[in-house]
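Consider the single chain below, provided in C-alpha cells and representing the form predicted on its own.
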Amino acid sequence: MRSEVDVVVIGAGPAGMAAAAAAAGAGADVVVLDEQAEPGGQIYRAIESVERDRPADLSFLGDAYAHGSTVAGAFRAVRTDYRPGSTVWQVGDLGKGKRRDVVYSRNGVAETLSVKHLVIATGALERPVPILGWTLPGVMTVGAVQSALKTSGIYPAGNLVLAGSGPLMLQLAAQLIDAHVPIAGIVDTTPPGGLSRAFFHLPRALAAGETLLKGWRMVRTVNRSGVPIYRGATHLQAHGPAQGGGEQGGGEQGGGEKVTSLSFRSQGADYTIDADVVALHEGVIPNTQLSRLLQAEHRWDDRQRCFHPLTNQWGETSEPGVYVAGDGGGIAGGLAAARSGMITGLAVAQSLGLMAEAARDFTSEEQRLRRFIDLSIRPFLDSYYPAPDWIGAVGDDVILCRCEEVTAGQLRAAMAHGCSGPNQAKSFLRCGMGACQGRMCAASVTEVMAATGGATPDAVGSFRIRPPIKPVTLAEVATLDAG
C-alpha cells in the first residue's frame, strides 16, 4: 500500500514531537513513525504509562523525566497521523514529483509512504564500549538498565556494577539510589581533573543554571549514598566463571556462562569486584543510520568523537528535503533537541508554502535563543566528561563486531593485508554485516582503523548503510504493494 503525504517524521522523541507539532500546526499533512508504543523517545520513554499506571515511580525517575508528560500531552493535542510500533527499514532516493518512498513495517505488514519532506529524529545511541568481556551475558549498557526501569519498573537483581562515564550514568545512579535499588559499585572512568578541564566553560554554563543545579543534586545524592565509588578507573575487563578460556577471559560462548566480576585499575591500585550485572557507558553518539542510508554528507566531531550529518540552520542535510532534528544531528540534550525540532518543523511548513518566510523567521527566533541557552551547558559537560580516546588502542583480543565476532586484532591484520577502510573490512571480515548493521561497531571500527593507520577518522570514514536497516521478514516484504 502506497500513500502520499507532505511530511514524514521518523521518531517521536522530543525533537520528533516538536517538529511534527510545528509542521502540523501550520497545516501540513504529517505522519509520525515511531518504533515505541508511546511517544517520548529514550528521554521520556513510557512516560504516559508510568504516569497512568506507576505514578509513584516519578518520585525517583525525577522531575526532568516527569516533564515528558507535558511534552507528550502537547504532541497528542496536535492533529498528526501518529503511528506507534512502526519500524522504518528503507528510504528511497528522490524520485518523480520530488518525492521519496519511506518503507516501514507495522503489525507484520509493510507499507510505503511517498513524501515531500523527511524529518529524521531518531536521536542518539550509546557509544559502544569494547572491553574484554563485554559480550558476556550480564554485561549491558546503562541506557538499557534505565529503559527497563522506565518501561517496566524492573531492575537487575544481584550485584549491579555501573562502569563508565557521563551524565547518563550519573543520572541512572541517582535514580537507582532514590528507588532504594542496591548498587555494588560505581567504577568511574572519567579522567582526573574534570573541573580543571571544564572551568573555562563554567561562565557560559551558568546560563543553564537549572541544569547545573540538577547535576549538582545528582552528584550529591551519589556521593552521600555510601555506594563504593572507584574514580579514574582504567583497564576494565569483565570476567566469567571460567578464566583463561580465550577472548573475554570467561569463555562467553559457553552456553549459560555469564559475567561474575569486573576488574579494573583505580588510582594506582588493581581491583576485582563481584558482579551479576555490569552496566557500561561512555556517552552517547548520533544515530546516523538513516542519514547515511541516504548518503547525506557527514563530518567527524573531534570534541564528541563521533560522526554527525552536516545540516544548515534549519536542519536540512545535503540531501534535498531531508532534515535531521535533535541529537541525531549532534549531541545537545533533550531540551535543545525539542528546540531544533520546532525550528525544523517551521522550515518544512515554509517549504510547503504553508508559512511565509517572515513568519517562519520570526517564530523560530525565540526557539533559537532558547536553544542557545540550553546548549550553554554542552561545552562544560563535554570537557568534564571527555569522549574516550582509548577505544582506538584496545587490545587485539577485544571483540569489536559482536554480530560477526570480529576482534580488533583481526581488523588490524586485515589492514596489514591491504584493507583500507571500514567498507572494505566488510569484504575481509564481514565486520558490520550483522543484524545491527554496524550500530554496535561502526564507531569502534573507525577509531581502531584511524589509530592503526595514523589517519583522521574523517579520512577513514564509516560503513555505507544498505537497506533494510532493521531486520525484516520475507512475509513483511511480501505484503508490499507490487504496484
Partner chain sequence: MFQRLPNLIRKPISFSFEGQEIEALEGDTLASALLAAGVSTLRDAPVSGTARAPYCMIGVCFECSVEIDGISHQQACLIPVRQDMNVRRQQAEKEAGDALGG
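Residue numbers count along the first chain shown, from 1. Only a predicted model underlies this, so the values are computations on that prediction, with no experimental measurement involved.
Same protein, other form: the form predicted in complex with the partner chain, not shown, and the subject of what follows.
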*the partner chain isn't shown here, but in the predicted complex, which of 52-60, 25-33, 420-428, 444-452 has heavy atoms within 4.5 Å of it?*
52-60
*Honest question, do 37, 138 and 468 all end up within 4.5 Å of the partner chain in the predicted complex by heavy atom distance?*
yes
_Please identify the residue among 405, 389, 397, 274 with any heavy atom within 4.5 Å of the partner chain in the predicted complex._
405
*Among 219, 144, 393, 78, which has any heavy atom within 4.5 Å of the partner chain in the predicted complex?*
144
*asked:* Is it the case that residue 416, even though its partner is missing from this view, gets within 4.5 Å of the partner chain in the predicted complex, heavy atoms only?
replied: no
*Consider residue 257 of the chain shown here, and say whether it contacts the partner chain in the predicted complex, taking contact as heavy atoms within 4.5 Å.*
yes
*Although the partner chain is absent from this view, report whether residue 434 comes within 4.5 Å of it in the predicted complex, heavy atoms only.*
yes
*Does at least one non-hydrogen atom of residue 283 fall within 4.5 angstroms of the partner chain in the predicted complex?*
no
